[in-house]
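Just one chain follows, in the form predicted on its own, and it is written as structure tokens.
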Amino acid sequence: MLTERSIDHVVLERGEVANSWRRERWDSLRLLTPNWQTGLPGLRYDGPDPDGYLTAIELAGFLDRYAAFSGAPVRTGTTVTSVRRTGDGYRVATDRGELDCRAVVIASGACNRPSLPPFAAAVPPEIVQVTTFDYRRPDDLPDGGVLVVGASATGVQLAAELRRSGRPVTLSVGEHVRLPRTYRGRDVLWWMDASGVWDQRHDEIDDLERARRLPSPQLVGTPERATLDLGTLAAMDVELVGRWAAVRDGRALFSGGLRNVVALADLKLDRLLGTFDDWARSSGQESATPPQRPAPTAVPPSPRLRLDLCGGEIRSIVWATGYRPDYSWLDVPVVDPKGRLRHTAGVVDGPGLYALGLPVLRRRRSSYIHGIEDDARAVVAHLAGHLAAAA
């Protein structure tokens, strides 16, 4: 977008192109989005399996091709250590020297650091703790039981993988978004796209901050296009417990609200599928496959409220509790007390400062790769206007 407007720029990357996809993902990871949705301006997936799901390494290869296709002036192996305001722009300090510029686009994402609860420090030291940044494969964990904390996309995928490896698995379940992999014969994300749910703008969402904090939906990309939810895991003998609330006297204490959390996720799913059905009727897209709601999630009649962490039942913990951004290098007062960037649709609260790649930046689709094009076009249009006014 900057090249189209003849705006001189550089792209600074701390590692190599697609570094996080190469270095900070587990081995079996696949995208949640089908391949036909994988695309950036001017280059789209054109392989033999449009309904499949790319692995992390395959996506890294796609981004390599895009860097070459776009001719982006990428400087790899360049870590930004500071961004400071100067008289008419910004000074960017890196481990390879300084740059002065009129504007900065922060495209470092929202998943830079794992987000752990404070009581993680109270876990007995003999238990191995890993985050989803550290986890690569089941064999890296000791034999024995695993407690997976978090039931969004990452948590349910890793719980299933670890259970298939033969380990006893307990899954601590908090707020989550339940989705079937397919609905009425199509990928559920086709419905999100076609029905316009993903087109909802940031200024049309009642509680924008909440929408930006929603966990990723319980989805997995497999050749079978299988649904992976709490019911699937329970059928695999994964034990479901409530949200992990505290550690006391060597015991993990879980919330007693599992049934309510699950019921809320089921209710929201039913409403969303109803939205799809209404759109299908109004747009003439009714198919031969009739509407069919997934069964309500079965909850254990008496889920455990305590788990002895000193008794040997749990040998390792996998924290799938989400991420937070890292703006420690940003020496400009544009970060709120919770560590989030203050911005409106990607225009940061600082002249000439912009953001891309954050959840629900401008629309609901902003959280996904194919949503970046519209965001980038709008942000660059504003940036160009800022430069013209300064000139």
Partner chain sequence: MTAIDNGVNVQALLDARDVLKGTPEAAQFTWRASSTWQNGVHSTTRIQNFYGLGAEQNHKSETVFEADHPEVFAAQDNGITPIEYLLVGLASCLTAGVASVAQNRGIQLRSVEATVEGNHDIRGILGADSDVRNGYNDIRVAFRIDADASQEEIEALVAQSQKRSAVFDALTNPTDVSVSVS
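Fair warning: this is a prediction, and the values are worked out from it, not measured in the lab. Positions refer to the first chain, counted from 1.
Another form exists, predicted together with its partner chain; not displayed. Remarks below refer to it.
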Does R248 make contact with its partner chain in the predicted bound form, using a 4.5 Å heavy atom cut-off?
yes
Just checking whether S255 would be counted as a contact of its partner chain in the predicted bound form - the rule being heavy atoms within 4.5 angstroms.
yes
Is R243 a contact residue for its partner chain in the predicted bound form, using a 4.5 Å heavy atom cut-off?
yes
Answer with yes or no whether N260 is in contact with its partner chain in the predicted bound form, where contact means some heavy atom within 4.5 Å.
yes
Thinking of R84, V347 and D349 as one candidate spot, does its partner chain come within 4.5 Å of a heavy atom in every one of them in the predicted bound form?
no
Among 96-104, 74-82, 188-196, 267-275, the stretch whose residues bring a heavy atom within 4.5 Å of its partner chain in the predicted bound form is 267-275
Considering non-hydrogen atoms and a 4.5 Å limit, which listed residue (E286, E313, E175, D134) is close to its partner chain in the predicted bound form?
E175
Of these, M236, L305, A226, A298, which has a heavy atom no more than 4.5 Å from its partner chain in the predicted bound form?
L305
